[in-house]
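Considered here are two forms of the same protein chain, supplied as structure tokens in two stand-alone entries, structure 1 and structure 2.
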Structure 1
Amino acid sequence: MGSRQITEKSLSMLRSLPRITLANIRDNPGSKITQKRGRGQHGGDKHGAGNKGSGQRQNYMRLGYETGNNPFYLRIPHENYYRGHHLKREYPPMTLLELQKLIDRNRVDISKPIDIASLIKSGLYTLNPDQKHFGVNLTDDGADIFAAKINIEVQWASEQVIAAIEKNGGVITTAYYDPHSLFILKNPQRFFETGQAIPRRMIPPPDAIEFYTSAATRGYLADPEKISQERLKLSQKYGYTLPNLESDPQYEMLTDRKDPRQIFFGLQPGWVINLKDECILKPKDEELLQFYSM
């Protein structure tokens, strides 16, 4: 049979067949299998839900409840060391080695003073003020290879860290920031877009006053003359020659410090930063000037 005859025979069969409609469409035989409920496989037990009570009804007991027994957290003697641990200030660490890597990769500009905003802007340091983070703890890991001359402001630093920075002719300052100021430093652009005036930085709490007024820890509230004396004592203790800041060509950058009420370098409290018009609005009212200068 030729191909032409096959085609004619197929067309004649199609003419004799009824048209396809929704009324005559059917599934292929055996394509659907009716699901039937089978017999249980556990022989009438509780199916892993226990025997009566709240456990069987998915009404679970609170965490730590031991069905009437003296719970674990009451059986163990109380440790005063952990009292108020959820309220203690935390300082996420950054090593001198990590700081040197940031400088070598040009993630941080050492021609300007370095603060929290500069470190967060590098993208390699994370600060979460909502988790009781109160700033940077600069640790001494990599102190033997640190070779940058910088002016840095951190919140916590040991004696070895201070010696490693001042040995290279740098300056370090420990300064306190309240949580609201830290939120602003974490994302300055978001704060500027709100159109609010830059607030004043709050003073340290009573338990931190001693640290930030001490010249040995290079506190930002310490006497500058006592800081100069402590710089000399530390150089004699660790056996290095203290560079002379007055004769340094970067003297202005190294001695640049924030006011105790200031949050940003170069921006005073009370100023409004308008990013859209690229301008700065400064208060002129005497009461506002007096309020932000206090």
Structure 2
Amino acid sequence: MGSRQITEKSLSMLRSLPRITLANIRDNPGSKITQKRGRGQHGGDKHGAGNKGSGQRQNYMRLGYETGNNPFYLRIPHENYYRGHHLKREYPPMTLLELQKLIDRNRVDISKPIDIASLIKSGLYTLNPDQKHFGVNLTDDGADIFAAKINIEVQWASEQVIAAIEKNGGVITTAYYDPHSLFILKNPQRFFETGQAIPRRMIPPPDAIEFYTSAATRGYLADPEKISQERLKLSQKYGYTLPNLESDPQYEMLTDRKDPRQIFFGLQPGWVINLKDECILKPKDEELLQFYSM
């Protein structure tokens, strides 16, 4: 809001002006425009609405209506590839360039594992789980200048993206979250304030199981040994030397993973987070423990 010099100047000017009271304040001149109906020779004739019919009566037809014709949206037959489009999962994209910008501007903390919650918390990525958004699709724009070593968990990623992250010594996992878990991750505070126990994360639907159990896509249900083989294979395919994870000073952070049933890092399903008293209530009942461990 204005440069500092202008602010200082106007504040020191105010010092020698009369006291600001309820009686001498006003809005900026011209900030409020009241709509007036035109009068007189040229403005008053039809008041700008035109002559006769729908226009003069300002009867705005509904969208797509063609005054009695068979409208376009009904005239064109249903295309087969739209079948079930209202059920398909959507993954709103985020590019590697955007991720790099988030990191450079300190909007995400790379000293900790990054998940969908931290991307949303950065304020520059939005997700609407109620519109069938199932998480982030990390795309390869800016892969050639991506230079951060991160442990990131996304919901969809291509081979180039995986290569770009692993080339820098980072780790990527693709993990499935059901819509309810995503709602919780989108605004954890609102969920914790309801006082409910953190639920279990659901397993992927049948058509997504293959993606999330495959080591080539770094699925969270894949065998870790196969993943390390795939990491090596990918480095040979793209021609970079794979940095050694075991000798990395950030080994602990880079190998941190969520349990397939876990929603938050460090919080187990079944726990109740009390924000008011700043404590965690854990279940003790045998039946509950068994339920949440499944």
Partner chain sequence: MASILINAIKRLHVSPQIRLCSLNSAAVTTTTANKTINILKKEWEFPPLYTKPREVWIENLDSVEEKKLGLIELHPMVYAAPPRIDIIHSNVIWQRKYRWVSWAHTKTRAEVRGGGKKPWPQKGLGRARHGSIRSPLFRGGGVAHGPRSGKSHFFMLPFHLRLHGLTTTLSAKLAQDDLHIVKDLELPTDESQYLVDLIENRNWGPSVLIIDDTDYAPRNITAATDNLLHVNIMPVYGLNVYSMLKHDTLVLTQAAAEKIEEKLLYHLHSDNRERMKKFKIDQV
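All of these numbers come straight from a predicted model, not from anything done at the bench. By rigid core we mean the largest C-alpha set that fits within 1.5 Å across both forms. Residue numbering: structure 1 sequence, from 1.
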### Query
Which of the two structures shown, 1 or 2, corresponds to the form predicted together with its partner chain?
2
### Message
Could you check, with the core superposed, whether the Cα atom of E79 shifts 2 Å or more between structure 1 and structure 2?
### Response
yes
### Message
Taking 2 Å as the cut-off, check whether the CA of R15 shifts that much or more between structure 1 and structure 2 after a rigid core fit.
### Response
yes
#### Entry: Per-residue C-alpha change between structure 1 and structure 2, E225, threshold 2 Å, rigid core fit
no
### Core-referenced Cα shift (Å), G64, between structure 1 and structure 2
7.8
